[in-house]
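There is one chain below, alone, in structure tokens, taken in the form predicted alone.
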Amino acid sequence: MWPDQIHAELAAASVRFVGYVPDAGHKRLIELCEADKSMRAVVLSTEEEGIGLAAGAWLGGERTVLLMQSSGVGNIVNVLGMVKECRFPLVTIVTMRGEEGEFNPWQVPMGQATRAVLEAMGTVVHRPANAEDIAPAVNAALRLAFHSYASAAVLIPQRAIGIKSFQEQASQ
């Protein structure tokens, strides 16, 4: 299962802080990080707080990864400039929305723009084609970011998370 594989990659890369805004797509990964005594899972009010978390942790000698949904990418655009100018590593793992089968029209615009927005701000984007490619993409992003002080993101396709319907959401 890809969340377990991502957690293993984070542990192997000595990631100590995992910032996240609660997201059903990251639920299992968040639970694994919360249970891991070597990691501290930090609930964020907004995604842009995660950039400050990553910068502060890096200054303190620790590694951070941010988990967010594609709609959250729109919230971090301005502060991505700090990552570029200060040259500290940023790894973002993004669960995609607004793709095939999306039931919520509000998710479509940012879901369709996520890759272009990140790349325009200097982030190297990895887009695995299927669930089997997610962990290797995370490994590549971790190595790139932490060895070259860059911003790297992995976009987890909506089909890997599972496509929900409006009826499923209403009943939860």
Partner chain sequence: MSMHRRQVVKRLLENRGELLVVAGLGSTAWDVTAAGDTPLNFPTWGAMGQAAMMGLGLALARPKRRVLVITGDGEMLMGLGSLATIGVQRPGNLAIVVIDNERYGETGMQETHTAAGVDLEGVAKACALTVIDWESVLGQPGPTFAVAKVVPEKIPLVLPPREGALLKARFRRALLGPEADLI
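The structure displayed is predicted, hence computed values, not measured ones. Residue numbers count along the first chain shown, from 1.
There is another form of this protein, the form predicted in complex with its partner chain, and it is not shown here; the text below is about that form.
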Here the chain appears without its partner; judged in the predicted bound form, the stretch of 38-46, 103-111, 117-125, 136-144 with heavy atoms within 4.5 Å of its partner chain is 38-46
Can you work out whether residue 28 and its partner chain are in contact in the predicted bound form, taking contact to mean some heavy atom pair no more than 4.5 Å apart? no
Give a yes or no for residue 59: in the predicted bound form, does one of its heavy atoms lie within 4.5 Å of a heavy atom belonging to its partner chain? yes
Q: Report yes if any heavy atom of residue 86 sits within 4.5 Å of a heavy atom of its partner chain in the predicted bound form; otherwise report no.
A: yes
Is residue 32 close enough to touch its partner chain in the predicted bound form, meaning at least one heavy atom pair within 4.5 Å?
no
* Judged by heavy atoms and a 4.5 Å cut-off, are 52, 55 and 82 together in contact with its partner chain in the predicted bound form? -> yes
